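Let's start with one chain on its own, the form predicted alone, as structure tokens.
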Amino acid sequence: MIESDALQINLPGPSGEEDQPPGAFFEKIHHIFQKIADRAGGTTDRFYTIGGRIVCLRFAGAALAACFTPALDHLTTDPVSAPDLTVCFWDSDSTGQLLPSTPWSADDYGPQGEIHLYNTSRFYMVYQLGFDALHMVDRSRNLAIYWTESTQRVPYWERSFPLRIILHGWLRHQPFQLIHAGAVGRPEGGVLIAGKSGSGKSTTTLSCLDSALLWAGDDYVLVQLDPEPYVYSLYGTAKLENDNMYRFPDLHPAISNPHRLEKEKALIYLNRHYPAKMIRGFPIRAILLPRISGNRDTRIFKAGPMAGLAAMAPTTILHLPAGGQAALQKMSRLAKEVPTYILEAGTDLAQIPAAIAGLLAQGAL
């Protein structure tokens, strides 16, 4: 039975904005999470190394753990007593606990679900209307909350890159930036592969699985700007359009959603099937912009920093609510600090990783 929460509470926060709407509502939802966890006899905690930080995912019930942790399995680490970020997960369907009435109106939503007046220097709050998911971050306590109505409504793409919005809210005032890009390379350095959907990012990254290059991401990665540009792996997942699957027949047995391909991209957990090919990060030596040429041979040639920024910025800013100006500044700095190249990807897939390896071997990088 699902029960509503009729509590009228205004629990104090630790400091600063606790008497304002963001602090009061955050405390109310966190109190409900704790109540659910106590009723269930505790939480299921998983620990991961993300961007050199330890992140604890704390689940009140097992339903969301099974939904969101597979994409992060390659980042698993040992438990610690004081993680850098703790994210509390709960859903109404499996816990029987409804989300209480929200204190904002329909007019308070921004274009990407950010909630006006509930995003401050301390708090970050976003509501995804498409499948009903609430993301909240209290940066002063390094504490976040994720609620959704039902795991059954969580779309496959959300499972492929969990925590994307929460990590963006937590890190957006730090020298980190989530970027809609892939990445391949070696411990001494590699390339960021940027471009809009359909530009050839997945073809480029997946073609490297049969090479000496290691794989850090296909869809979203985390970039640190200081002390030098560095990319961290976030998700061990890749997604392929149906009309591109013929290029990678060896991956077909690894597709996790084979019966839903008429509506979804093929979702592959590479961290399960190719664990030896995963790398947690490397210095960024170049930004590559793939283009599908239709020719047999692959070519690489120089482009300017504006081309790199134009490939990274639009979809990254579109997908990550709030903070667009700060994200743009970070990506602009990255495009200025590392060179950008066009990768004309040929139909002979083996030439793609060979061309990237050749670029990385150049002393000019």
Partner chain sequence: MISMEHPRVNYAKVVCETIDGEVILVNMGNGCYYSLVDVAAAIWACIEQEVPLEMIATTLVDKYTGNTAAITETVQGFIAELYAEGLIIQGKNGVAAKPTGRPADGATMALAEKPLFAVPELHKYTDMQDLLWLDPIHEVDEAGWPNINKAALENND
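Fair warning: this is a prediction, and the values are worked out from it, not measured in the lab. Numbering follows the first chain given and starts at 1.
What follows is about the form predicted in complex with its partner chain, which we do not show.
Interface residue remark: K265 is counted as part of the site for its partner chain in the predicted complex, having a heavy atom within 4.5 Å.
For P111, a non-hydrogen atom is located within 4.5 Å of its partner chain in the predicted complex, even though that partner is not displayed.
With a 4.5 Å cutoff on heavy atoms, L129 counts as touching its partner chain in the predicted complex.
Although the partner is absent from this view, N295 stays clear of its partner chain in the predicted complex, with no non-hydrogen atom inside 4.5 angstroms. Only one of the listed residues (A63, I36, C56, L309) places a non-hydrogen atom within 4.5 angstroms of its partner chain in the predicted complex, and that residue is L309. Partner proximity in the predicted complex, defined as non-hydrogen atoms within 4.5 angstroms of its partner chain, places exactly one of 295-303, 331-339, 28-36, 48-56 at the interface: 331-339.
Looking at 307-333, the residues that come within 4.5 Å of its partner chain in the predicted complex, counting any heavy atom, are L309, A310, P314, T315, I317, L318, H319, G324, Q325, L328, Q329, S332.
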